[in-house]
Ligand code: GLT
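What follows is one chain in structure tokens, specifically the form predicted alone.
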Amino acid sequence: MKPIPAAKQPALVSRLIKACGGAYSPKQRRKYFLTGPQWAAAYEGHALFHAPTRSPIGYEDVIREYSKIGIGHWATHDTDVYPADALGTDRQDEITAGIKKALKKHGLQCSMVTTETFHHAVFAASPAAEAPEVREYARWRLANTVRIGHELGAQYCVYWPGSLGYQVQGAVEETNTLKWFAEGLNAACEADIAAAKEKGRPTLKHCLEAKPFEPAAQILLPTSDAMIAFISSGLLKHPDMVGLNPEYLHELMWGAAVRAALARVLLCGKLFHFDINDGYPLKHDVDIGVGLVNPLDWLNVLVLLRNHNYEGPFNLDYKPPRTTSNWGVFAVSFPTAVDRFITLWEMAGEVASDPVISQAYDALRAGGGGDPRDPKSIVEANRELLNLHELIGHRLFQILVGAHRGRTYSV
């Protein structure tokens, strides 16, 4: 093949993406509670060792392109769209008005807002630092974001305390830091109650997001389990308002079974919001698009969520690869991520109604009829039934690849 001129490359990519097939229409995509973050689409490809590979893009363009794709909800950090020095000023009100106008024009809703408490130099020692003026500023930022959320019609507010920790052991007193962090959440909830009353709206759902590594060397709330314990610690004035926003990759990063972590959150009634992406265990936060690495695991996760009637958002918290162009972010990356999610979600529905899996589960739950007081009898009674565990795994694989519909390969 001869070199392909730059002017002809979009046409080639468009032709091949159509040849892939399996796409859903924007109307179909809007049926799902999928949220598109400002930061994901605006990610320029930069990182600790990476220079940017894409040019900046503003919220107007992101909202317009999400609308074209069929992503019905938009989410943002405060400083994704508001310069830090504009917060709390007339400029904040002007930007808010512009966002509301863009959302209305393109038929999107703001689903979630979150406060950046990790990038600015003021948070070098975390939003719960020793200096009281840092904590006071953090409380104001959190309350201000809550007010922005009500202005934009959001339902959720997310907190990622990735800088809540330390680089040097012994540099902080961990129990003090956790108490100070709770004070910030209490301020956010109090501001929410006041704003909701003023606006005649429900209060927001406040969601903690765990991450085991980065950017602090040691993080004080690294897992969803740690956050459940924190919510139950007695430090929060409104624990009923606070739940979790687990992220798939953040759970996987430390080697956890994502489905098991979500099950524990579900049992506590605290699964408010869910960030969806993909990646690798025991690696850094690569934020790959959903289903590109672990599709079978993703199928199992969605089976669990469907079985428990999860109705919250699925937030597309991933980074389009540095190899993807500005045009490709919206022509390839986001549409295919959405379509993989929808396909996996509908496959999970097939699992729930599959007669083979249903019969296998029923048989396992019925047991083999052994004597409950005789362990040997129990072993013998259930010996062959336990083969169904592996059979269920095989059936899930068949559903994933379409073999349950007769798809085979000649050899």
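Remember, it's a predicted structure, so these values are computed and weren't measured experimentally. One-based numbering along the sequence shown.
Just so you know, the form predicted in complex with the ligand exists too; it's not on screen, but the next bit is about it.
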The stretch from 127-135, 232-240, 185-193, 111-119 that lies within 4.5 Å of the ligand in the predicted complex, judged by heavy atoms, is 111-119
>> Taking the ligand as it sits in the predicted complex, is Arg340 in contact with it (heavy atom to heavy atom, 4.5 Å or less)?
In response: no
query: Hey, in the predicted complex, does Trp160 get a heavy atom within 4.5 angstroms of the ligand?
result: yes
Quiz item: Are any of the heavy atoms in Tyr32 no more than 4.5 Å from a heavy atom of the ligand in the predicted complex?
Solution: no
Checklist entry - With the cut-off set at 4.5 Å between non-hydrogen atoms, does Lys211 touch the ligand in the predicted complex? => result yes
Among Glu251, Asp278, Asp275, Asp78, just one has a heavy atom within 4.5 Å of the ligand in the predicted complex, namely Asp275
From Asp225, Glu151, Asp297, Asp285: within 4.5 Å of the ligand in the predicted complex by heavy atoms is Asp285
Near the ligand in the predicted complex, with a heavy atom at 4.5 Å or closer, the residues from 311-325 are Asp317
